[in-house]
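In structure tokens, one chain follows: the form predicted on its own.
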Amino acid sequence: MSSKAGYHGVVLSVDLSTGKSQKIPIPPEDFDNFVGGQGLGIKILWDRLKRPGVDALSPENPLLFMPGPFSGLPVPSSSRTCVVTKSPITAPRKSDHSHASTVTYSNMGGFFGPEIRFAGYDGIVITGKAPALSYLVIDDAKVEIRDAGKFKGMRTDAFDRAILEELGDRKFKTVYIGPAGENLVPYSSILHTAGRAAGRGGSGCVMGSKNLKAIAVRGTGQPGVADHAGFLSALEKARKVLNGSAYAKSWAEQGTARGIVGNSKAGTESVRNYREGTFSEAEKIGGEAARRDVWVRDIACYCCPLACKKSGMTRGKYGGVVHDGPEYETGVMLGSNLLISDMAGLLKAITTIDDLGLDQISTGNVIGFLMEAYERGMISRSFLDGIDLKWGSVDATLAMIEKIAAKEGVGALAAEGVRALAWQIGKGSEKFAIHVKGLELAAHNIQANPPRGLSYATASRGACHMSGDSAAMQNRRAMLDSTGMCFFPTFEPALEEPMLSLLSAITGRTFDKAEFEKTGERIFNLEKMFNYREGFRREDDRLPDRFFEDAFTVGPKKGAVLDRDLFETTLTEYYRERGWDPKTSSPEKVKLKELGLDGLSS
């Protein structure tokens, strides 16, 4: 059986500088070793960027849209597209390379990844820079770059409708940036269907640096499978598992918003710029409140029975249509973290951030940092351009969001992230600038959750809550993000066996649990090789001082704080388990040989 079974065997490579496109064959061994999605994306990035220190905003930096082998097939919950590139926001503490930064990957659901596969590709690789703002149209084998000048500055909600009207066919699936991406805000995002986002790591900024407003894809083909009978058998088992899963049904009820109240009660939520882990008014913005007062529709991604995306309507001063939310991350970062408990106001902030094309997590983190600096008297109201940025203020939050996206006034500095703000403000503010490697932390506090601290410290893209709280979990999740399957249904343990059977039937290669996890380990180690080549060392796997110095003062975990010595011991043990040098964090040669990575040039 050919190792290309289950794949088209090519990616579409588009050079915006020359306007040329071509199908690039992928070596069969790369499918075997890196699968697709995140894994194949990092392998292509490694091959394309042969030297460290390439400016993330240079035409040379590739921007990759990578579905996995599950994408485009009727596999439940397999809609995901992994956007892979070099990050414009991260940086090591010291490096020989002026533009050193991490790999970044951001995963979004919806319909775009399957459409790439319908069009006959296993991914899209964008390089170069268009001479003017443009958008890319991929209609099966036909590829065209069109002028997007009339869409300049358009917000994502309006653009989502305008581009489909111009294309004249709603079968096109689109991704695009908002004003923040056009303005090169380092934590700008890429949007799809107005409410799904590749948010983390600044992929929207990279897209904006290429003068690329949007990509539209329409396909009429279908990916194949190696073992059709085996595929149908495994598919039936997977569907049966999810249809009978109480856990899967809970996603349809409240989506990720069900965690807003639960994590607050557990003392693991990001509250008041991570100063606390419990928000006394979490019930006002949680899943039950949203189900009662806001949501009117449950929306699913391609072939997904979970339908965790929600939409609805709010009324009053901040009223309007709600495309999505609150989700856990958005509800906490713009709610609990800022002490906002006005549901309509919270949803207005979430909607505005998506409309402008910003990362919800980094934006909420940045505003929380500024609120604390303002409260402490480290910055004045004039520093904030007259905005009275107090805890709980919806109006001040909305004003700051607009300034960040426009890079206007204080927004120009805030757009650079909390690390840049702390450098500018000084006065000890770096102790509560909550980032790792320059990427802001997400909505999970860690004073009472040390394993999540390990995830933030060692994740390849900077502070990432999704990477995994252990080496084994990181390997598994890297592999999941390479298949095209969503992470959420995999909380159901009974799905593991049919998932492995599906992957084996599609690709023609036998995947048991050990092989699945070893492939994930290979992917994670290649990401580490990329970062190490850029200059990242153990000293960069560092958590903010707040988590070791500021114990919680309220809630069930009152008094919780991380032990610095214990964390360093845990980090050393993690490196040893990984087969990395505990002093530098460099992958050891024996580990690279074991994973078949020793032959890659550095």
Partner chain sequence: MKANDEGGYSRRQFLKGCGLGAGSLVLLGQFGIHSAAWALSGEPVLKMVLVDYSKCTGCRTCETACSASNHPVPVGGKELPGLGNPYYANIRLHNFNPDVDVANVCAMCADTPCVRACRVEPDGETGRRALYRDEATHTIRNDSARCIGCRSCAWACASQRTGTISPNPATGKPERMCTLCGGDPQCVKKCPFSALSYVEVRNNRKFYGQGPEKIAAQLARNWYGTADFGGLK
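Positions refer to the first chain, counted from 1. Model, not experiment: these values are computed from the prediction.
Omitted here: the form predicted together with the partner chain. The next part is about that form.
Among residues of the shown chain, Ser311 is one whose heavy atoms approach the partner chain to within 4.5 Å in the predicted bound form. The partner chain is not shown here, and in the predicted bound form it never comes within 4.5 Å of any heavy atom of Ser470. By the criterion of a heavy atom within 4.5 Å, Glu517 is excluded from the residues contacting the partner chain in the predicted bound form. Among heavy atoms of Glu115, some come within 4.5 Å of the partner chain in the predicted bound form. Of the residues given (Tyr328, Tyr302, Phe369, Tyr456), Tyr302 alone sits with a heavy atom within 4.5 Å of the partner chain in the predicted bound form. Interface residue among Ala494, Ala141, Ala412, Leu232 relative to the partner chain in the predicted bound form, by the heavy atom within 4.5 Å criterion: Leu232. By the 4.5 Å heavy atom rule, the three marked residues Thr220, Val294 and Asp298 all count as contacting the partner chain in the predicted bound form. Of the candidate stretches 541-549, 53-61, 36-44, 66-74, only 66-74 has residues whose heavy atoms lie within 4.5 Å of the partner chain in the predicted bound form. In the predicted bound form, Asp157, Asp160, Arg161, Leu164 are the residues of 133-164 with at least one heavy atom within 4.5 Å of the partner chain, listed from first to last.
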